[in-house]
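The data below hold one chain only, encoded as structure tokens and taken in the form predicted alone.
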């Protein structure tokens, strides 16, 4: 067997064991198409490297030839520790996972500033990762990889941030900067992509190979899963749903352009419109605007209604372009109903291409920032697994 075939076999077998959670060695050949002899050789290597372990079979059966209890193979949770974090407007949420993907600890903290220099962000993350690790009696140095979800336009493979509302500068090699400052490998992606990763790994996307996640909180984002893979575009900045245009020369978006969808539907858009309409100097909370709209305040109702119409238009554009089987609406604003009210979804249905089939299913997933952080950790877990296999190849060679 060539070195390349051996590496492909390791990746395939480790992935299958992770998917199955626990599986008899004899079943892996049928599940992966890899010969039994090769399965035996590679699983022995994975056991020797401590990436997997043997556990007693749930069925309690015995091997008829040897008279010993049958064993299953599973990922060894203690093999690596992985952290993930999601930066919101002025909060940060972190989780710590083991190599199996089991959550061990979580932590949330307020940020003093919503926009930071990279140096300040490095210091903040270093301190919070230390706090997170100490909850398990460990230190930051014990973490094998760190995934970070951040709003903005991110080239994930390079760890390069073209623009983010959380950073005070553009075109930043954030992955390299954080990696040097934290002393651990850092993997960065757009936060909406990592919500899609979370949905794919343990959310409503499980069992679906093609679906779209739309996130609504301080901004509007989108994650696309095609053939069970996150789609990022050739420059790493595809799926910028919030920055699709819904109005020529329209409202100013925080990205610097005008007429973007999020300049009408995001929470900062609602508060800005309310300030402009009322002439008040103080910014109102989004919850106050939504409550006022429900109570009959005409100005508030007009702002909320326009946000819903713009959002329906945006969703219709997604359906007309991708025709997905499932759209998941997730994020902080899903705690409110103004963007997934029946009139908004009905507005979307009226704007899509009409055929003799039902439109895509639209579902709401009201999960908090810790689940976004789990998506970031799941992304890092994939990368740490790849690195572990590369290290293993070097050791075996």
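Positions refer to the first chain, counted from 1. In this text, rigid core is short for the largest set of C-alphas that superpose within 1.5 Å between two forms. Bear in mind that the values here come from a model prediction, so they are computed numbers and not experimental data.
One more form of this protein exists, namely the form predicted in complex with a further copy of the same chain; it is left out here, but the text below deals with it.
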| property | result |
| --- | --- |
| a further copy of the same chain: the contacting residue among 247, 302, 91, 118 in the predicted bound form [heavy atom, 4.5 Å] | 247 |
| Position in contact with a further copy of the same chain when the complex is considered in the predicted bound form, options 103, 317, 201, 271, heavy atoms within 4.5 Å | 317 |
| Any non-hydrogen atom of residue 309 within 4.5 angstroms of a further copy of the same chain in the predicted bound form | yes |
| Contact flag, residue 69 vs a further copy of the same chain in the predicted bound form, heavy atom cut 4.5 Å | no |
| Close approach of residue 226 to a further copy of the same chain in the predicted bound form, 4.5 Å, heavy atom | yes |
| a further copy of the same chain contact at residue 55 in the predicted bound form, heavy atom, 4.5 Å | no |
| Candidate stretches 185-193, 133-141, 79-87, 318-326, one within 4.5 Å of a further copy of the same chain in the predicted bound form by heavy atom | 318-326 |
| Contact check for 7, 15 and 157 against a further copy of the same chain in the predicted bound form, heavy atom at 4.5 Å | no |
| Any residue of 347-366 that, in the predicted bound form, places a heavy atom within 4.5 Å of a further copy of the same chain | 350, 351, 352, 353, 354, 355, 356, 357, 358, 359, 360 |
| Yes/no, residue 85 Cα shift of 2 Å or more between this form and the one not shown with rigid core fixed | no |
| Residue 365: Cα shift of 2 Å or greater between this form and the one not shown (core-aligned) | no |
| Core-aligned C-alpha movement of residue 305 between this form and the one not shown, 2 Å or more | yes |
